[in-house]
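Just one chain is shown here, as structure tokens, and it is the form predicted alone.
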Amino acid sequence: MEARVDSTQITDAWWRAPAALAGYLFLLALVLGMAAPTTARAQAAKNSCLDCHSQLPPPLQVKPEEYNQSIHAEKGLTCVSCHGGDATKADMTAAMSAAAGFRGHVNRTGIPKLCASCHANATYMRGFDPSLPTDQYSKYLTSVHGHLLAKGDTNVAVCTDCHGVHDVRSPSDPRSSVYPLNVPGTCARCHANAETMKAYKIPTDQYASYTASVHYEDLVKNGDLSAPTCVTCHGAHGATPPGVSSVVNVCSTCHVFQAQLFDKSPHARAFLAAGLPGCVTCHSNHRILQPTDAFLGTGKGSVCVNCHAPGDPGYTAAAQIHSSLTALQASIDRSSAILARAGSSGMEVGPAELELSGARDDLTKARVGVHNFSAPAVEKETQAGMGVAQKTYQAGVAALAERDYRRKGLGISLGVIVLVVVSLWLLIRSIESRNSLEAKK
């Protein structure tokens, strides 16, 4: 049987052929287009420096996985950006030639200036992130580290000691040595090292003290990345210990209201005259503990007795302030306890508990107000709270009385119900007995 081809099929095939060919050509171009950048990237990624140094032992070794995850590698910088040379050359002589601008190892004294060649260039840094600061180098020159480095002391910290060398990461990266959670440990590498600090005659217990502080607790245990670390108080690139007259200014960046009260207190002038730093005289610097009412007064744990002796006005004021605070706390505790008893008994005490929170607010304000060191001002706040606490205590008493009244009423009601039930039962028995006798007759 002879095969026949319809003219319509020929026409359709004629038009489909170019379309199919075009499709194949498009796919081929797409593949080649994808391959070309890949090849270009592979060529651009050629790094003879890394090829060689990845095989060398420490300290010359550079681990590719660390380098490739660094912020510099992510932004396209390579070894030659800092060390010069030509990383595309496989031949070591050509790659490390003077003609290729090879600088090689960077001495510690030259590291800050080398980093500043990019990081102090506002125009260049804007190309990566317009919000990035570019004053790190100028700040470093004003720091204790910078001053000592300028005098030839190469033991002090330079950029790479804090940020890393080939594994520099963004400060927002949890793996970065300058991520907030890691800052204390980074500073401690030097400042907790007795051998390193011996030449500078400064203590090395700062890190141990900080780990016992409320700041460390907020940072590590509560996960508050805004909690103070070393750089919050000392500065990062411009690291310098706060002076006696500036401690309050540093603390006030967070504790604004307390600083305002302290500035108006008699302590502000007395501390300055005696050469005592403001806040840290009572709260310490690195080992800042959670303050309690025991800090005040004249008993165990009081910081007031470090300066004040029995009989002087400060000693008397401290005792009065402590008495006001502890009295309000005791009143709040008493009210809270009776409201809890009433609430557990099923009584509605929500409004009273809400009102009691006002007394707690007054106690908080009074505790903040102690920085003014005025016994009458503190007592004014505590008296307001005492009134609220007394009122809510009476609400608790009334709730318990209502509970008892309801219980008595319920008991009487139950007694009456039982009496009625028994009477009905006796009546029914009596009727049944009478009916039984009549039936026998």
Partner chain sequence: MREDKSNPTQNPERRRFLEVLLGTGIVASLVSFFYPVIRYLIPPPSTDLGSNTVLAATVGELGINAGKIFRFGDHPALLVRMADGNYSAFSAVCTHLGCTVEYRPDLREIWCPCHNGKYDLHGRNISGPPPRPLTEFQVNVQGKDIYVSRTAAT
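Whichever C-alpha set is largest while still superposing within 1.5 Å between the two forms counts as the rigid core. Residue numbers count along the first chain shown, from 1. This one's a predicted model, so the numbers in the text were calculated from it and none came from an experiment.
As for the form predicted together with its partner chain, it is not shown, yet the points below apply to it.
- Proximity to its partner chain in the predicted bound form, defined as a heavy atom within 4.5 Å, holds among Q258, S143, T232, Q136 only for Q258.
- Exactly one of the stretches 70 to 78, 97 to 105, 250 to 258, 111 to 119 approaches its partner chain in the predicted bound form with heavy atoms within 4.5 Å, and it is 250 to 258.
- Although the partner is absent here, S413 is a contact residue: one of its heavy atoms lies within 4.5 angstroms of its partner chain in the predicted bound form.
- When its partner chain is considered in the predicted bound form, P351 lines it closely, a heavy atom lying within 4.5 Å.
- Among heavy atoms of K365, some come within 4.5 Å of its partner chain in the predicted bound form.
- Contact between D224 and its partner chain in the predicted bound form is found at the 4.5 Å heavy atom cutoff.
- With the core held fixed, the Cα of S413 is displaced between the shown form and the other one by 2 Å or more.
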